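Single chain ahead, written as C-alpha cells, the form predicted on its own.
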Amino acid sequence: MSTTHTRDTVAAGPPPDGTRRPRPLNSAFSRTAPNRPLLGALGIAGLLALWELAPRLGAVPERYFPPVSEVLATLAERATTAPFWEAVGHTLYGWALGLGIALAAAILLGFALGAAPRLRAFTTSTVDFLRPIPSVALIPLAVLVYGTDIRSTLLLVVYACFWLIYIQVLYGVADVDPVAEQTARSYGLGRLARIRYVVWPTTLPYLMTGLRLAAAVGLILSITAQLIIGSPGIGDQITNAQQGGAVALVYAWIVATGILGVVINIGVRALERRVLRWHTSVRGEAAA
C-alpha cells in the first residue's frame, strides 16, 4: 500500500482519540436550508406585499404607483386579448432572431480567430474599440438606416449579444489543454476532428455562459429599441399606455416584461443543464 493511500484511508476514518469528526458545513447547510424555489417564492411574495401596502398607506402617490392588485388585474384583462400576445410575439421574435444571429456569428468568428493567434492579435485593438460602445448609442444610426422596421431592433440586439458570446468563445478556445491538443494530433485527428472532440467540449461551458448573459441583455435591448424607436412590441405598448395616461397598464406591461425575463432565464438554464450534463459543475449541482 502506498503512503498516499494510507494517508487518505486514515483521513477518511474516525480520529484516533475516538471523538466524532465534525460534518462539513456545506453538506449540513444543504440538508437544513430551504430550497431555492421556496426562497424565491417568499421573496416575490414579500415584494408584492410591499407593493400593495406602499400606495394604500400613502407612502407613495397611488395615482402614479397603483397597488399591485390593480396592476395584476389589468394584466390579466389584457392577457385575454389578441393585441397583448401580438406585442409579446413581436418582442420575442426580435429577441430570438437577434440572439440567433449573434450566436452564429460569434461561434464562427470566435473559432476562426481563436485558432489563429496572429489573426486574433491583429484584431484585438479593433475589438477593444468596438466592444465598449453601448448598443443604445447606435439608435440614431438604426433609425436613419432602417426607420422603425424590425431591422432597427435586430441591429441593437445583435450588436449587444455578439460581444458577450464572442469574448466567451475566445476564452474557451484559448483554454484548450495543449496536452490534449498534441495527443489528438498524435492520433492523426484532422482539424475538424480536433475541433469536434477537443476544442468544442472545452469551449462549450464558456459558450453557454455567454449565451445566458446575452439572452437577458438581448431582451433588454429588444424592449429598449421598441420604447425609443417605436417598432412593434412590448416597448411600444408601454409608450402608448404612458402617453394615454393609463398608469396601471404601464405597470402591467412592465410586470409582463419581468415575467417574460424569468421564463427566458429558466429556459436558458434548463438548456444549459441539458447541454452540459456531462460537465462537473452541472453534475455537482444535480447531486446537491
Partner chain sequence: MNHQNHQPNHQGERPAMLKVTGLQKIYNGGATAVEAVRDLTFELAEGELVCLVGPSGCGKTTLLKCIAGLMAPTGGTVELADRPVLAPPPGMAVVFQEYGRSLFAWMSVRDNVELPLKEKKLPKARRTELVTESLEAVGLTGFADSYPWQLSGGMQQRVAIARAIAYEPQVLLMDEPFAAVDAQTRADLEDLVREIWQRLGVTVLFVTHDIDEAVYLGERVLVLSNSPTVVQDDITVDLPVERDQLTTRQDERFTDLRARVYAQIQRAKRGTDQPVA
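Here the structure is a predicted model, which means the values were calculated and not measured. Positions refer to the first chain, counted from 1.
One more form of this protein, predicted in complex with its partner chain, exists but is not displayed; see below.
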* Name the single residue among Ala105, Ala180, Leu213, Ala115 that comes within 4.5 Å of its partner chain in the predicted complex, judging by heavy atoms. => Ala180
* Taking 4.5 Å between heavy atoms as the contact cutoff, choose which of Thr209, Thr202, Thr148, Thr123 touches its partner chain in the predicted complex. => Thr202
* **Per-stretch contact check against its partner chain in the predicted complex, the hit in 188-196, 82-90, 153-161, 139-147 (non-hydrogen atom, 4.5 angstroms)** => 188-196
* Taking the shortest heavy atom distance, is Ala174 within 4.5 Å of its partner chain in the predicted complex? -> no
* To do: Report whether the minimum heavy atom distance between Ala184 and its partner chain in the predicted complex is within 4.5 Å.
  => yes
